[in-house]
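Shown next as structure tokens: one chain only, the form predicted alone.
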Amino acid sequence: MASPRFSYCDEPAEPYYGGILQGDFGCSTKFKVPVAEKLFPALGATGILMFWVMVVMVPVALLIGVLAGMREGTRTDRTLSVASIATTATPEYVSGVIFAVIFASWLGWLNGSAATATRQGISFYNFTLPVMTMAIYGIGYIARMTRASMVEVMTQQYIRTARLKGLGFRAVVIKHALRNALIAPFTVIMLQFPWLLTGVVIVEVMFRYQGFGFTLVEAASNNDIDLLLGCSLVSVFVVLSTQLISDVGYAYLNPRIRVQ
């Protein structure tokens, strides 16, 4: 007599035609529920975390990069460049511990664990440290790329022509330089999404935030094959989607690529 593969996921005993295209990701042996019931809520929690990381990371990084590129060779440029390199060279498991010690243990301003965010709701106190830990690395990387692009644009002939016409420095930067300087960082910003998927694994485990990264570690630690395959499939889909959007967006923003 046929029997279901697992008794706790309401799988039919008889063989049936189904798979990921039908929304069937299998059964989680760790959590004893269908994979979709565990995977998609975890993705939603990580999506909220990634959204706030991008909200913090992108504007701050662009501002730092533009300021450094506008003042190439000055003390401001050197200070911002050193800070960007230092943040990029610091991995999440180091910066997370530093932030937790300073803001949670010493000062007592923020909650050192984000576990309450998935149980009691997200607040400033239990969500700030994970966002800061993930954003600090990307800020330095995007800022360095923005600075390099800004420095290159500021040496172009049309910038010199605008200055010779009598336009102020601020008008030249905002109307002419900034728009062209942000074309290259757009690709770098889109590439942060695959990196965030790897960053959430460390940060979510460190702060006990029960999102996609935490679920992936739980699946790997408990040999939960179906859940692990579901997480891998989502990771591949996110990487391919962001790469496609990056290539199409770069061609749209850069008129030289469109003409060719």
Partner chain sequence: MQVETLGTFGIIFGVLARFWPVWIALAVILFFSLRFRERIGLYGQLFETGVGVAGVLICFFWLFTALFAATVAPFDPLAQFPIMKNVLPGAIEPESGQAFLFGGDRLARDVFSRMVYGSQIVLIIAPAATLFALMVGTTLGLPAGYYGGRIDSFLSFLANLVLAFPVILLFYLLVTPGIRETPIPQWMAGVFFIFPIVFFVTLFWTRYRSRPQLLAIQLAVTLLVGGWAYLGLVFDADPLGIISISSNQLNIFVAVVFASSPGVFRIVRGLVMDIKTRDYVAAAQTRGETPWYIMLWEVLPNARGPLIVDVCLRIGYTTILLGTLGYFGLGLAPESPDWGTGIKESSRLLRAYVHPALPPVFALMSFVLGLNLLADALREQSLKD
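Just so you know, these numbers come straight off a predicted model, no measurement behind them. Positions refer to the first chain, counted from 1.
Not on display, but discussed next: the form predicted together with its partner chain.
Checked against its partner chain in the model of the complex, the candidates W109, F169, Y158, Y93 yield a single residue with a heavy atom inside 4.5 Å, and that residue is Y93. Only one of L182, M190, A100, A162 lies close to its partner chain in the model of the complex, with a heavy atom inside 4.5 Å, and it is A100. Stretch-level contact check against its partner chain in the model of the complex with heavy atoms at 4.5 Å: of 43-51, 27-35, 61-69, 193-201, the positive one is 193-201. Contact annotation for V239: at least one heavy atom lies within 4.5 Å of its partner chain in the model of the complex. With a 4.5 Å cutoff on heavy atoms, S113 counts as touching its partner chain in the model of the complex. A residue is said to contact a partner when one of its heavy atoms sits within 4.5 Å of a partner heavy atom; R75 fails this definition for its partner chain in the model of the complex, lying far away. For the chain shown alone, I174 is not a contact residue for its partner chain in the model of the complex, no non-hydrogen atom being within 4.5 angstroms.
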